[in-house]
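Okay, here we've got a single chain as structure tokens, the form predicted alone, with questions on binding and movement later.
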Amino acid sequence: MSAPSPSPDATEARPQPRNPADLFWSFTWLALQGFGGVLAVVQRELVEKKRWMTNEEFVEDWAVAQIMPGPNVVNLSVMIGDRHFGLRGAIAALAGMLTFPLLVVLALALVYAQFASHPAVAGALRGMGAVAAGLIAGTGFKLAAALRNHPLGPWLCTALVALTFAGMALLRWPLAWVLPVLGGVACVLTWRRIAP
């Protein structure tokens, strides 16, 4: 299940993938940039650079991709591919996400096996943790802008963000608890606000 499609007028005015090959190469490029976390890269590429979706649509689609089993960005690629070209688009986007990155990861695994015990390699990998945390935080702030137009309003959205952060980071509750409970509450509250 994907987020509601934008109105036809909004879709016509916005750039779209030209064909399944465009999806394949776009998601290949996206995946090859996504070392250590792809949320920041995906948002920048799909919303800011390609403009295939608005920030609000990205937040809605990312939320759906998160609750589906499997890697979020793979789920998102399948949703976007399907939206534009049906099954062919979904397969093309999925292949783009997986083909070249798989080859790169296999090559890196071989290199890592040779140098894993070297102290400089271990230190460099630990240092990247701070960069990954910064990417996640920065993208979170960018995505928060979309909550201004959310049916629940900015204050209730902020409260849900705070509760989610507290549950995950401070109380260390498993995602399998936090997502259905707080996500379910958010879905019900939003549905009640927009239901006719």
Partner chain sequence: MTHAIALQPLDWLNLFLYFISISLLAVGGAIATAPDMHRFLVERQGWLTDFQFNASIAIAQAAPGPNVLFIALLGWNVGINTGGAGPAAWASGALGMALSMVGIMLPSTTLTWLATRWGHRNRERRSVRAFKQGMAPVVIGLLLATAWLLSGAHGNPATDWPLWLLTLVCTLLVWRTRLHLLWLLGAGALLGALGLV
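Residue numbers count along the first chain shown, from 1. Given the structure is predicted, the values throughout are model-derived calculations rather than measurements.
A second form of this protein, the form predicted together with its partner chain, is not displayed here; the remarks below concern that form.
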(Q) Within 4.5 Å, heavy atoms only: does Val38 come near its partner chain in the model of the complex? (A) yes
Q) Does Phe115 make contact with its partner chain in the model of the complex, using a 4.5 Å heavy atom cut-off? A) no
Q) Though only this chain appears here, would Ala93 touch its partner chain in the model of the complex if you measure heavy atom gaps against 4.5 Å? A) no
Q: Would you please decide whether Thr139 lies within 4.5 angstroms of its partner chain in the model of the complex, comparing each non-hydrogen atom pair?
A: yes
Q.
For a quick check, can you give me the residues of 171 to 196 that have a heavy atom within 4.5 Å of its partner chain in the model of the complex?
A. Arg172, Leu175, Leu179, Leu182, Gly183, Ala186, Cys187, Thr190, Trp191, Arg192, Ile194, Ala195, Pro196
